[in-house]
Ligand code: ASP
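Next comes just one chain, in structure tokens: the form predicted on its own.
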Amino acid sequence: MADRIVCKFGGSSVAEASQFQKVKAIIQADKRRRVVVVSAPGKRNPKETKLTDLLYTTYDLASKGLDFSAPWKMIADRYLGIAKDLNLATKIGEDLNALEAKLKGQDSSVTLDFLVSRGEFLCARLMAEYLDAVFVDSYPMISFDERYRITPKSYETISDKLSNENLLYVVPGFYGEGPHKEVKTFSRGGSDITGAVLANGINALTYENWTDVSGMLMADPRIVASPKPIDYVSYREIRELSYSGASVLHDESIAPCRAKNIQINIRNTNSPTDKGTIIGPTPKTTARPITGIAGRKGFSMIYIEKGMMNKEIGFGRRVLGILENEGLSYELSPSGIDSMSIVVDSKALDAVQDIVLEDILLQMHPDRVKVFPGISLIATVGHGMTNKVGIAATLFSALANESINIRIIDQGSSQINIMVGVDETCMEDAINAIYKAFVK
């Protein structure tokens, strides 16, 4: 099994019949490509509504007993159009009619997750027929436990279901079996995770993630003009970059491949000869001091000040407990001797801010507590920064030269990531300044 390749094709790669044809050419170009994972068909043009969003709309209307014929027709037309253009003698029309009847009858078996998962399910059925491949459903092959984690049993089942190395398999992404035997979807972009889990389960040689870009770039091209491509990035670096805003690959898709040192290759369906970006183990040497820069907006900082805070045992734990009680996770927590800052997602905080601040005042008795909104976090990532003198100085000087005030500084002991917080209005300028300092 070790010489097989798992290929995941994103929504843009299966948006229409011509894209299906590109997928077929890619599969036929390398006989090691034996497992294909597909997303739901993506948008064919910027004005089009995503098919997954149409499924959400359909469920919302159907569950309220309202007319859902308009979005449903758009959904059905997409699949029937692809089948017609590829001259497939498929029974997918019967599947769509049966599902429509259940929606009209408000059949309880059609849950939100079940209906939304049909986007990938129906696409995989079409792809399997077009490639003359074996269709294998993700449900119940991939299963989740009560904490929404992939069960160990899943990998055993995958190994068994996809055991024939001579067969070509097509598997729908994005969903599996929940702890109560129900269809359960991943978060958006979860087809990436499906591909990674399958690669782990069959001990694949490589996991190819086919999308509409030729790998990763050192910065967002919408912010930095013509950023350089990334040829190789480690599992650790991609986790940091994905979490901080680089959106080529779902960040949860790294762990299954990392567990078995399976390389991930980001490729372009529309330009299949491009080598793309390889994601793999930590390299022994690096050509550049940094690998990439990524930034995200939408954060707030809770600032707490109290004299002799460092002598108050359990202060930080109790503050974080207040956040936990309101369902808030935190991003960073830079602290001083008599002060503590906690960076959280602004939207999540907005809903419970008054309660959080009141609890901090009542339980912690601070001298001062204040929320600073409108913060962006920028991650500068690279193994080349490790144990190198002057890296931080270069970064901070670059920002100072552009008169950008740094609100937050955080660097982990691994030294592969320097995180800075700046005002949201400065994020684009900050990323350009850092890129220019290290790359140009």
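Not measured: the values here are computed from a predicted model. Start at 1 with the first residue shown and count on from there.
One more form of this protein, predicted in complex with the ligand, exists but is not displayed; see below.
Enquirer: Is R188 close to the ligand in the model of the complex, meaning a heavy atom pair under 4.5 Å apart or at it?
Expert: Heavy-atom contact with the ligand at 4.5 Å: present for R188.
Enquirer: Would W210 sit within 4.5 Å of the ligand in the model of the complex, counting heavy atoms only?
Expert: No - in the model of the complex, heavy atoms of W210 and the ligand never come within 4.5 Å of each other.
Enquirer: Answer with yes or no whether S376 is in contact with the ligand in the model of the complex, where contact means some heavy atom within 4.5 Å.
Expert: Heavy-atom contact with the ligand at 4.5 Å: absent for S376.
Enquirer: Under a 4.5 Å heavy atom criterion, is E120 part of the interface with the ligand in the model of the complex?
Expert: Yes - in the model of the complex, heavy atoms of E120 and the ligand come within 4.5 Å of each other.
Enquirer: Report the residue, out of V381, L395, V36, A40, that has at least one non-hydrogen atom within 4.5 angstroms of the ligand in the model of the complex.
Expert: It is A40.
Enquirer: Given the stretches 72-80, 276-284, 189-197, 149-157, which is the single one in contact with the ligand in the model of the complex, using a heavy atom cutoff of 4.5 Å?
Expert: Heavy-atom contact with the partner occurs in 189-197.
Enquirer: For 44-58: residues with a non-hydrogen atom within 4.5 angstroms of the ligand in the model of the complex?
Expert: Sequence-ordered list: K50, T52.
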